[in-house]
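The chain below stands alone, shown as structure tokens; this is the form predicted alone.
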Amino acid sequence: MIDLTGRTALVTGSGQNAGLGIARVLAEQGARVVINDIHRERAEAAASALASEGLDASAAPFDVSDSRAVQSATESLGEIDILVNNAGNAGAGEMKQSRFQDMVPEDWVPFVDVNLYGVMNCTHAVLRGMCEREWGRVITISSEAGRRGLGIGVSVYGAAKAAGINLMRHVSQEVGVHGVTANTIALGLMNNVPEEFAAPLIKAIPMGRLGSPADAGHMAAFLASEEAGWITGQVFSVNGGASAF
């Protein structure tokens, strides 16, 4: 049985949706969970909701794309044993789908800032401490858009997600000797998308349903566990079988 008692987990972008589901499952397995969100009220509300369930949760609002804010926040939090890089999409802004040829360079920035620089900032901030303590788990939440090409107007988002995947691969080779693992979860279509967008796509999912926050949470909890200590540098697709590779 997975037991994360005594571990502290920072889950970025966990004020809602999959991030909150991941935080909840980690806390249910005994971890002290730090809820991060760019919006203070959302982080605090999520932490309060988990605390009301008897779980150990606190809020740490900051912008993952701001390296100074990340460094300041993580220093104040103390030892972080588990980092889940979940913050994504377009950061604080709305994720708009658009063909690459119709975009301008300014449109690329929010996707790269949160999905690549956010991952780099948070990972860099906690990695040295993990190595010094000879134990750590870095888990980055990616997307099927980071593994394969899709014609749905998410090219820059997908490119940044793919970069996060490869960052984990390289980091895993650098820190494995210190008992630190670095892996990626590539999520498929989740249940936070509009029904009209999801309905035709569900037909291509062998399991016949969209993914839930708990689905993401259970995979993250396993990768955070002692049982997953010999797994690193890998990408795990959690997508209901939508792509069988």
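Position 1 is the first residue in the sequence shown; the rest follow in order. Quantities reported herein were computed from a predicted structural model and do not represent experimental measurements.
As for the form predicted in complex with a small molecule, it is not shown, yet the points below apply to it.
Engineer: If contact means any heavy atom within 4.5 Å, which of 200-208, 173-181, 57-65, 26-34 contacts the small molecule in the predicted bound form?
Structural biologist: Comparing against the small molecule in the predicted bound form, the contact stretch is 57-65.
Engineer: Within 4.5 Å of the small molecule in the predicted bound form - does that hold for a heavy atom of every one of Leu4, Thr8 and Ile231?
Structural biologist: The answer is no: none of the three residues contacts the partner (heavy atom, 4.5 Å cut-off).
Engineer: Out of Ala160, Ala87, Met130, Met168, which one falls within 4.5 Å of the small molecule in the predicted bound form, going by heavy atoms?
Structural biologist: None of the other options qualify; the answer is Ala87.
Engineer: Using a 4.5 angstroms cut-off on non-hydrogen atoms, would Val109 count as touching the small molecule in the predicted bound form?
Structural biologist: The answer is no: Val109 has no heavy atom within 4.5 Å of the small molecule.
Engineer: Are any of the heavy atoms in Arg42 no more than 4.5 Å from a heavy atom of the small molecule in the predicted bound form?
Structural biologist: Close contact exists here: in the predicted bound form, Arg42 approaches the small molecule to within 4.5 Å, heavy atoms only.
Engineer: Within 4.5 Å, heavy atoms only: does Leu77 come near the small molecule in the predicted bound form?
Structural biologist: No.
Engineer: Please run the contact check for Ala92 against the small molecule in the predicted bound form: heavy atoms, 4.5 angstroms, yes or no?
Structural biologist: Contact with the small molecule, yes.
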